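Next up is one chain by itself, shown in structure tokens, the form predicted on its own.
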Amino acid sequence: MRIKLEHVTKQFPSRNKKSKDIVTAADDLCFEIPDGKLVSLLGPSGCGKSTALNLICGLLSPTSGKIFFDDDDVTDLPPEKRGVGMVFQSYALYPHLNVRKNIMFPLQNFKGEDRLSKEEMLKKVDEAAEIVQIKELMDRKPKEMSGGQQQRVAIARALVKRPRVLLLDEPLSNLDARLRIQTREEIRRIQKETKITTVFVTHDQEEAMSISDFIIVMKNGLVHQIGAPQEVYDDPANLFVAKFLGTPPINVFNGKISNGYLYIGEDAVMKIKTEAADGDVYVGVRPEGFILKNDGKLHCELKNVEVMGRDTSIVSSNKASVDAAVIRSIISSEERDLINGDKVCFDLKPYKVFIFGKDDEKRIAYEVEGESK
């Protein structure tokens, strides 16, 4: 099932009854989700991702714009007519029912010619339980299961209706770290097996990047970038996207372009070609973009060295750093011997360095020795 949003906006009145202000939760959303793909709506709290999901589901009606499932306009269609399955952050299981009856519950609400016999319902329940691998839990009640098992039941309940679209709203937020990893891997496996178009809402960029075919990065109700996870990481459209993706996060510096050189603070770190005018800019450097060298062009004060087995994290400082008191640089363990004294120097990998406008924070293209950025 292909999902398409055409200029979809959702506005709410202000909570202050005396105010006439309008809150725009989703602002002119235009994107298409291909059939059979898993797509993540990614962004910080309040960015509009859950609003977008509820618009797709039909729990909210858009203020303006159109929503299509394939070529069908479903903008005014109620949720029960859209063929969607929804999984919420809270498992929302009935505590007095066992797993089998929880999964079966949606089927019992079918009416008319869609109504199923008990045998047909049990068959569908068994098929859904098989997909999420919980057949051995069918007689248990929710309180007798772990959080990860309960979330699998919630997914099975959504799948049992054979939905055209599966919608997941922060489904892993209530799980501990280990269970989050296991359950997100299960969600990806289930999606690949069923080939159901899936929309996954999360604020966790690691979750989104690990399981998505592509991601839609949002902020303040606006879509900032759409693309495959690695493409967005390697080619961010603006400073917000660059900062939101990556662990450890990107290092951001105050810099400038002057006479064909890129400066970080007072250090001329690269000779570049760009159509941008000389002036102040932001410079973003991914942690893996540093090359430790005794005569490196970027000079920093050494704070600490953290050994992480295969890699080493150098913690340093630079007066031009913007958001953090420290800079994190990931180098190979073989380079550790180059660390000497209380100062460290780096050259930079051009494909890991991004320049952004000081005012609009949009990406600025440049070239280093013929390589475009």
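Note that residue numbering follows the sequence shown and begins at 1. Note that the coordinates shown come from a computational prediction; the quantities given were computed from them, not determined experimentally.
This protein has a second form, the form predicted together with adenosine-5'-diphosphate (ADP), left out of what is shown; the following refers to that one.
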- Message: For the three residues Pro13, Ser45 and Thr51, which mark the spot I'm curious about, does each lie within 4.5 Å of adenosine-5'-diphosphate (ADP) in the model of the complex through at least one heavy atom?
- Response: yes
- Would you check, heavy atoms only and a 4.5 Å threshold, whether Ala25 touches adenosine-5'-diphosphate (ADP) in the model of the complex? yes
In contact with adenosine-5'-diphosphate (ADP) in the model of the complex (heavy atoms, 4.5 Å), from 37 to 45, 65 to 73, 310 to 318, 334 to 342, is stretch 37 to 45
